[in-house]
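Take a look at this one chain, the form predicted alone, written out in structure tokens.
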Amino acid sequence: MVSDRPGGAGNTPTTTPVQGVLLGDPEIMTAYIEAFARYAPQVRLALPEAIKEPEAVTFALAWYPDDTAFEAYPNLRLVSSIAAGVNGILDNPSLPASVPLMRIAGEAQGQMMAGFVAWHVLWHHRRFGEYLANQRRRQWERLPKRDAAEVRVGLLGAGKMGGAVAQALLALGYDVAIYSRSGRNLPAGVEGFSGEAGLGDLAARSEILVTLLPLTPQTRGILNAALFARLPEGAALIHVGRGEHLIEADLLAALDSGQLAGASLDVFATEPLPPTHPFWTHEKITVTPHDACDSTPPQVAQEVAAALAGLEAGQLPVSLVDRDAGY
């Protein structure tokens, strides 16, 4: 079967129909059936209970699948996440070691993240939380202003997300630096830091710290009391990486002591965030429900279709996951 539908990377022709399986919560995964039917009709997706011949399945689209989810499919050629995160798949004991794993990393996702982070940087820089509090008190007060160029923003994590966020903040005039594993290949105008010493140096110059890191053994718990102590007094945290990066008690202590002036949190160790969690009611914390950016089902279908077409041509996916690095 050859797709001849116009427009989009997802309509890259392929001569071989692909049988795919959806592995994860059916309430989440079912939406991809319609998207693939429209944007990647050469890929036939089904939930496991609808798969009659598991040996015919060569592709799996997954999001936190059960521990044994991959065992039934011996002929997989590609596994894809539905988002940029892959730790819920990498940690799966039944994931075949030899099968390429890709994540979704399109330009639209980076743009969405950049807009979200830029909004929160402005929130902390321009002290909008204080204006809202003044509104509730019916208090007319103009707060002191600082130029964006005077505000130093530190990003933990480079890659497509970090690059997109850096470009957006540079366009707004902020002084931006990035901590990454290599400290290289950064956008023009951005200072790079790497290594253990580099992490502390970046923190020391960051009045607003943004977390965009993947979850690895090295980054788990990286947002802790020691790192918060290196930040300038009154700094702010914007956390859009992974919930397990943050030591929650350390953040609360830093906020209550005044070391941190505020925090914007989009990801949490337990999701949904329990109703009794102190983050909900803390006056210095802004909570959003893991919604900083999202790959829509059509975007996923188009990226996967392009990757499958590349596999037919002997090319590995552009967004191939390095299993040793964890992203």
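Predicted model only: the values in this text are computed from it and were never measured. Definition used throughout: the rigid core is the maximal C-alpha set that superposes within 1.5 Å between two forms. Numbers for residues come from their place in the sequence shown, where the first is 1.
Although it is not shown, the form predicted together with another copy of the chain is what the next lines describe.
**Student:** Indicate whether the candidate residues 39, 95 and 181 are all in contact with another copy of the chain in the predicted complex, with contact defined as any heavy atom within 4.5 Å.
**Tutor:** Checking in the predicted complex: none of 39, 95 and 181 is within 4.5 Å of another copy of the chain.
**Student:** In the predicted complex, which of the listed residues (108, 90, 226, 76) lies with a heavy atom within 4.5 Å of another copy of the chain?
**Tutor:** Selected option: 108.
**Student:** Note which of 57, 69, 261, 293 lies within 4.5 Å of another copy of the chain in the predicted complex, where distance is taken over heavy atoms; exactly one does.
**Tutor:** For this set of options, the contacting one is 293.
**Student:** Contact between residue 62 and another copy of the chain in the predicted complex at 4.5 Å, heavy atoms?
**Tutor:** Flag for residue 62 set to no.
**Student:** I'd like to check something about residue 252: if you look in the predicted complex, is any of its heavy atoms closer than or equal to 4.5 Å to a heavy atom of another copy of the chain?
**Tutor:** No - in the predicted complex, heavy atoms of residue 252 and another copy of the chain never come within 4.5 Å of each other.
**Student:** Determine whether any heavy atom of residue 160 comes within 4.5 Å of a heavy atom of another copy of the chain in the predicted complex, and answer yes or no.
**Tutor:** Although another copy of the chain is absent here, residue 160 would stay clear of it in the predicted complex, with no heavy atoms inside 4.5 Å.
**Student:** Looking in the predicted complex, any heavy atom of residue 46 within 4.5 Å of another copy of the chain?
**Tutor:** The answer is no: residue 46 has no heavy atom within 4.5 Å of another copy of the chain.
**Student:** Only one of these stretches, 113-121, 80-88, 216-224, 252-260, has heavy atoms within 4.5 Å of another copy of the chain in the predicted complex; which one is it?
**Tutor:** It is the stretch 113-121.
**Student:** With the partner left out here, which residues of 283-314 have a non-hydrogen atom within 4.5 Å of another copy of the chain in the predicted complex?
**Tutor:** Heavy-atom contacts to another copy of the chain in the predicted complex: 285, 286, 287, 288, 289, 290, 291, 292, 293, 294, 299.
**Student:** Given a core-based superposition, decide whether the C-alpha of residue 135 shifts by 2 Å or more between this form and the one not shown.
**Tutor:** Yes, the C-alpha moves 2 Å or more.
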